[in-house]
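A single chain comes next, written as structure tokens; it is the form predicted alone.
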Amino acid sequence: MRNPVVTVGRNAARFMTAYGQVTILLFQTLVAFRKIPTYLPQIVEQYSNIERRSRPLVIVAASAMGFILGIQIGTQMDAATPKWYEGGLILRSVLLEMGPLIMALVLSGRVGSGIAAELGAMQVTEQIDALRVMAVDPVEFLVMPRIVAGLVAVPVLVIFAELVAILSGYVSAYFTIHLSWDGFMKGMTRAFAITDVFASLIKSTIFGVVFILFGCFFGMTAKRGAKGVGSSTTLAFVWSSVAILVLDYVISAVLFFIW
């Protein structure tokens, strides 16, 4: 049986090494931003892949989230609480947490894993090595366009999802506690704060970079064979999900002290 201390030490070393490599990849991508005009067609293509193909899944996930919030909040309100409070609770729940967090996890499975599978297939078939032979930087050609596209596409998808979730929350509240549209709007108007919108945009932007970056990293470091590609896809989702959950707390805490 292995010494537990040795096992923990080796796993910690692998963890720190992997995150160090991801950080290096991030800085290489930032340096590659100077080539954005050169790779504009690839950026537009990646934006279409991320935004347009994710839209149906986002609609389903956001609708389910809104319906669940409407039921859960409505059933917890007692007779002494004005019904219009639910509008504000749904709005702030969606903007501050549920929208950016749930959508980031959903898109991590849809987009991040897809990128890991795509680049993993290119890695095991030596297409990435062929790019290097032709003096094409894989970071500039493969990673940077996806990161830039994600910086725009993910916040757009999250905003769209939040609108769908809020409307779904109203429908659910209407059938649960018979909340009128005027009452729902009254609750949202009283609870609305522009900083909540900024917080949602900040979180969605950072989360988008995180799961796309992990997808690119694990795809470009995939091992040989179909098993290696499958493993890289799983690792991309798991690591990005953990990073998103940790960052969600960190960002929320920082914004709380700032605002």
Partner chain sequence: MVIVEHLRKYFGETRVLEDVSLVLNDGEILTVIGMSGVGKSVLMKTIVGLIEPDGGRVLFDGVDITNLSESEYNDRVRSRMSMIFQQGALWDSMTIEENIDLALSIRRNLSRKERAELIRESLELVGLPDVQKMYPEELSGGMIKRASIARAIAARPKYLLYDEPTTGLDPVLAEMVNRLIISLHRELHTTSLIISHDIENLRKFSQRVALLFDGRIVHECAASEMWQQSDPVFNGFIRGEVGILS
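Positions refer to the first chain, counted from 1. What you are looking at is a predicted structure, and each value in this text was computed from that prediction instead of being measured.
Separately, the form predicted in complex with the partner chain exists; it is not shown, and the next lines address it.
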- Message: Quick check on this chain: which one of Leu105, Ile147, Met122, Met98 has a heavy atom within 4.5 Å of the partner chain in the predicted complex?
- Response: Met122
- Message: Within 4.5 Å, heavy atoms only, one stretch in 130-138, 107-115, 78-86, 160-168 touches the partner chain in the predicted complex. Which?
- Response: 130-138
- Message: Does any part of Glu126 reach within 4.5 Å of the partner chain in the predicted complex? Heavy atoms only, please.
- Response: yes
- Which residues from 70-91 come close to the partner chain in the predicted complex, meaning a heavy atom within 4.5 Å? none
